[in-house]
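Only one chain is shown below, in structure tokens, and it's the form predicted on its own.
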Amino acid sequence: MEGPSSRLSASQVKHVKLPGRRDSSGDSETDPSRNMKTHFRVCRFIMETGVKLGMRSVPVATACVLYHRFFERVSIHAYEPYLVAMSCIYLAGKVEEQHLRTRDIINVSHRYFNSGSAPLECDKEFWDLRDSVVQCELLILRQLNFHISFEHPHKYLLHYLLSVKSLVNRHAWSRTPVAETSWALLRDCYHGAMCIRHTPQHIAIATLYLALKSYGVELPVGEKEWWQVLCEDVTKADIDAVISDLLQLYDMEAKCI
């Protein structure tokens, strides 16, 4: 166990002030648009922090799902969202067997809010924040009833890409970044709660469908649509619903800049 054994109570988690983080306590709790923007920004923080920590794509996805699942159950104004995000990163590392040190998470997060600053000293401020991350992890576990293992679309998208690639002219496939675009679209799905509203298979099919349509790649026509062959229970309405949610996220991104 690192450092002092003291722990903050669950009620104290919401009062922690992250170094360099603007206080958003005055934000309107009844404004869904504002809350969605906050979630978008915090998930972007999770992804950027995950990259700097060397996390693989699935642990980062798990951290985002933990975050969305948690705030599905509690108000965004009850707890500091960036502290919850840090704890989700820490917990996701355990779930996906890519363990991360709390000190590394705290220092990378500190640099995120204070560009170019030196790592935090191991003083009271650091240990208070470290204890809050651990305490918040326990809070997340309780809120989710310890259901913290999730199925992601990644393995399905990989399978679908291999199947579709075999149906496309290899020269046409090499000229269009369908695979790269599909993975990018999938990653973007985790910025919002759509990643927990749709099934993993439907998200994988929809991101591949959108990538193929974006580059005008045509697949051979058969008795069934290619997406029906790959995923029997998906409908065109399911695909359209995922794409609609994804486009709303891109609209949200434009408003967050």
Partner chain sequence: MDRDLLKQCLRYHGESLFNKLKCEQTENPDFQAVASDLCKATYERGEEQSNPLVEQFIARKADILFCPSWKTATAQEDEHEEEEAAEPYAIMPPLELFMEVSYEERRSMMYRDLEKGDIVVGRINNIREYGFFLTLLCMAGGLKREIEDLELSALCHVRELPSTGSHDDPLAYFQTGDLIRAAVKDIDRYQEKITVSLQPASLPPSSEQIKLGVITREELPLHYSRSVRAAADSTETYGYILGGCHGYHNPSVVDYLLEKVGISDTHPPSMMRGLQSNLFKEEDFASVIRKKQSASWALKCVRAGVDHFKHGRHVEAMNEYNKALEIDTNNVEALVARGALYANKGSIVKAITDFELALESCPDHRNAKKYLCQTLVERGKQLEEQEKLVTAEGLYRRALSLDDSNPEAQEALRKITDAMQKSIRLREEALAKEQDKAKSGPTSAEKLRKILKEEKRMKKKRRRSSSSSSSSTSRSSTSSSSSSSSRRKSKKKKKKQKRKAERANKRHRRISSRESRRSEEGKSKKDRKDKDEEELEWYPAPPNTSATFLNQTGGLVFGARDEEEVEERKISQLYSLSAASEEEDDHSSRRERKGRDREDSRTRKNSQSRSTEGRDMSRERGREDNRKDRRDSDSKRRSSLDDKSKRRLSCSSAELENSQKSASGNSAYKHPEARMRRNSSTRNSLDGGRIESRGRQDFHKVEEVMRRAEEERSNKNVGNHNEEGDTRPKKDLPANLLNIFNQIAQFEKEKGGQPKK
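On a predicted model such as this, the values are computed, not experimentally measured, just so you know. Positions refer to the first chain, counted from 1.
Keep in mind the form predicted in complex with its partner chain is missing from the figure; the text below concerns it.
Enquirer: Among Ile76, Leu139, Leu129, Val108, which has at least one heavy atom within 4.5 Å of its partner chain in the predicted complex?
Expert: None of the others qualify; the residue that does is Val108.
Enquirer: Quick check on this chain: which one of Tyr82, Tyr160, Phe71, Phe150 has a heavy atom within 4.5 Å of its partner chain in the predicted complex?
Expert: Contact residue from the list: Tyr160.
Enquirer: Please determine whether Pro220 contacts its partner chain in the predicted complex, using a 4.5 Å cut-off between heavy atoms.
Expert: Yes, Pro220 sits close enough to its partner chain in the predicted complex that at least one of its heavy atoms falls within 4.5 Å.
Enquirer: Quick one: does Val95 come within 4.5 Å of its partner chain in the predicted complex, counting heavy atoms only?
Expert: Residue-level check for Val95: no, no contact with its partner chain.
Enquirer: Quick one: is Leu144 in contact with its partner chain in the predicted complex, heavy atoms, 4.5 Å cut-off?
Expert: Output for Leu144 is no: heavy atoms all beyond 4.5 Å of its partner chain.
Enquirer: Leu185 near its partner chain in the predicted complex, any heavy atom under 4.5 Å?
Expert: It does: once its partner chain is placed as it appears in the predicted complex, Leu185 has a heavy atom within 4.5 Å of it.
Enquirer: For the stretch 191 to 225, I need every residue with any heavy atom inside 4.5 Å of its partner chain in the predicted complex, listed N to C.
Expert: Contacting residues: His191, Leu210, Lys213, Ser214, Tyr215, Gly216, Val217, Glu218, Pro220, Val221, Gly222, Glu223, Lys224, Glu225.
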